[in-house]
Structure formats: C-alpha cells, structure tokens
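Before any questions on how it binds or moves, here is one chain, the form predicted on its own, in structure tokens.
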Amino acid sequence: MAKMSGAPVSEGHDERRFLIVTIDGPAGTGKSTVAHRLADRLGLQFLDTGAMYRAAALIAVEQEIDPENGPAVAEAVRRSEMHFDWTTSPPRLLLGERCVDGPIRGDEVARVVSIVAAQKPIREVLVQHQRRIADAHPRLVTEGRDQGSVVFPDAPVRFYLDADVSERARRRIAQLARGGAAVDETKVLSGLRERDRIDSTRPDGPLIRPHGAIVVDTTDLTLDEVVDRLEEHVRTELPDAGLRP
C-alpha cells in the first residue's frame, strides 16, 4: 500500500503495516467515543479530526480572526504547531506545548467551528496534516466528516454513523448536563440542524455517505452495540490484518 495520500491503494498492500478505518457522520452520533473504543479493541491508534477543526476555530477566536477569512485562519493554523501527543490515550491535542482538549469544547468554539470548517484553505491545510499523520501512524481509526470520502477514500473499511436528529440532540444535552453546563434544549436541536445544513452543503469536503461505506444507524443502539457491530465488520473484512486478539 502506498502512503495514504488520497490516491487509490495498489493491489497487494500490506494490511499489517498500513490499515486505515474511517468513521464519518454528523454531529451527535458518537463518532469520537466509538472510534476511540474501536481503535483500542483492534490495537490501532485513534485520530480525532473533529478536534483539529475545533482547534482551528479556537485559533480564530483567540486571535480574533474572522472565521470566514479562510486564508488568514489557515495561515494561523500553519503557524500553530498543531500536533497530537501519542503517548496518551486518547491522544492529547496540542498547539505548541499547550494542551487544548478543554478549550476546544467551549461555547465560543462551538459557535464558529462549522463556519471555520467550511473554508477551503483551512480544509486543505488540515487534510494535508491528517495525511501526514497517517504516514507516521499508518494503523489508524480516524473519525470526522470527510475521512472516507476525501482524506482516505482508499481506506479498506469505511463507516458512516447516523442517527435521528432528535436522538442526537438528546445525547448532546446529556453530555452538556454531565459537564455542568446550562442546557437550552431548543437551541441544542436547532444548532445541530444548522450544523448539518452547513456541513452537508459546503462546497469543499461536504458531509456525505462515502461510496461503499457501511452505514450504521445508531439511533436505537447503545455505545457498546455500535462498537461491537463495527468491530465485527473490521475483523470480517480484514482477517489477516494483525489486529489485537
């Protein structure tokens, strides 16, 4: 298998060295948690690309850059030294030496992340970064909005998680409540619908179901049931990939 550059994979690639599993889907489907748990079960590493876009949004907020100014935000991202600490599980996301796992989950970031993620120059920078990560960490479960459609269209196993928007809102409300945040249920639901609209209609790297991806509706499934289903698919499709027993 050639390096993960977005080009088609050649026949006879070595799955024991190079293995990318992609998980795409809208907000609130549990992609990050599912991807992390699946990676742990299979003995692979975990890449949270949604966190990378949130970090780009954080950069825009903190540097007071218009989130619609794609070139300016992209340049700031290039200078930010964005990287993961792969010694932790899940990997911590850092800007320089600063861990931003907490700040990227704030309200200000949430308000602008879809705008930032819709800017072509920013997506180009982060897609290149994600492919460089795969070059250095070639056995990955990676989650996001365009992993199986744009970044790694040659990945041997690609998933698309979906759920009813009302159920996704319920999950997000529960998550916010656990963190002690004040919750406006109407705003959460309308926010998810607006994010779906922006993500699915942006001209660059829109949220779509990748061709050939395995679609899993998580509406009526528990987290463990989702992970079980994905794990079964991967082990069936890649029996000789050297996965964790």
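Note that residue numbering begins at 1 and tracks the sequence as displayed. What you are looking at is a predicted structure, and each value in this text was computed from that prediction instead of being measured.
Another form, the form predicted together with a small molecule, is not on view; read the next lines as being about it.
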{"query": "A117: touches the small molecule in the predicted bound form, heavy atom cutoff 4.5 angstroms", "finding": "yes"}
{"query": "is_contact(H129, the small molecule) in the predicted bound form, heavy atom dist at most 4.5 Å", "finding": "no"}
{"query": "Partner contact for P67 in the predicted bound form: the small molecule, 4.5 angstroms, heavy atom", "finding": "no"}
{"query": "Proximity of R54 to the small molecule in the predicted bound form, heavy atoms at 4.5 Å", "finding": "yes"}
{"query": "Heavy atom of each of A163, R171 and K187 within 4.5 Å of the small molecule in the predicted bound form", "finding": "no"}
{"query": "Listed range touching the small molecule, judged in the predicted bound form by heavy atoms within 4.5 Å, from 131-139, 106-114, 69-77, 83-91", "finding": "106-114"}
